[in-house]
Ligand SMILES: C[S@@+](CC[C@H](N)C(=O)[O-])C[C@H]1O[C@@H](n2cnc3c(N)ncnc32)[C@H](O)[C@@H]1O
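Next up is one chain by itself, shown in structure tokens, the form predicted on its own.
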């Protein structure tokens, strides 16, 4: 999954729709890296991870429900053995697909295969204009492989490459140079936002969290870069931090679902609640349960507690089935 919040247009409420507008699907939890800020604490496989038939059955339900847009993440999704089957199926049914990857598995052949899928975008994590900053955050990472992946995708016709940058106390000062680097790599867009206090980021919060002054400088740089690259490359900062997002979603749930590697469906990233299981429930049943769950007193009480005490978001991965 992307380290930034993924949401639909702020005015969109789940209650307006008969099915989701967007699916964020974590295909797997295996990863070749050990990032200090990983929301999902990826690195090992789920014992009950979906098999190929289960994944394709879920894909069929997405197609039948006419889901317009699916983002595939992990872990590292390119390590999922059924990645190409899922992508091919979704694209064959006209569903827009975004891939969220660390980029290190993209070699020349993979770049060609991704281009042939005519994806909405390939989103690559680049957390520094320098090798030192990027690899300090992404343990076992290789900044040079990420740059090379961007170049390989640039060489393919019709590939929209997006760069996502996660600010921390030790790389936030490089955001301007990272935006310039993304532009030099012909990126379609550069996306960033405040660090989320979930998963490993919660455990490493004191080390990772930027200061208020660092964030102030960060936003000033972003404003300047938005103007500098207007009409050439989109520079976008998600306007809410994880607590602001949650406060809004308690009354206006997004028209989206977050699917985990075992088919369970999480209510939202910052909360621990599981509201369905696509292995044993239909998409329609899960969608109805999702909408009902936002009115569950347990969800409302815990959500308000998190808003009042942001440190509680560290419990987001301690799942509670509704």
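Numbering follows the first chain given and starts at 1. Because the structure is predicted, anything quoted here is derived from the model rather than measured.
Below: the form predicted together with the named molecule, not depicted.
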**Fill in**
Within 4.5 Å of the named molecule in the model of the complex by heavy atoms, the stretch out of 153-161, 86-94, 69-77, 111-119 is 69-77
**Request:** Verify the contact flag for residue 123: yes if a non-hydrogen atom of it lies within 4.5 Å of a non-hydrogen atom of the named molecule in the model of the complex, no if not.
**Result:** yes
**Asked** Should residue 249 be counted as a contact of the named molecule in the model of the complex, where contact means heavy atoms within 4.5 Å?
**Response** no
**Request:** Evaluate residue 171 for contact with the named molecule in the model of the complex, applying a 4.5 angstroms cut-off between non-hydrogen atoms, and reply yes or no.
**Result:** no
**Asked** Is residue 100 a contact residue for the named molecule in the model of the complex, using a 4.5 Å heavy atom cut-off?
**Response** yes
**Asked** Which of 38, 268, 260, 278 has a heavy atom within 4.5 Å of the named molecule in the model of the complex?
**Response** 38
**Prompt:** Out of 201, 106, 182, 235, which one falls within 4.5 Å of the named molecule in the model of the complex, going by heavy atoms?
**Reply:** 201
**Request:** At a 4.5 angstroms cut-off on non-hydrogen atoms, which residues of 181-220 are near the named molecule in the model of the complex? List them in order.
**Result:** 194, 195, 196, 198, 201
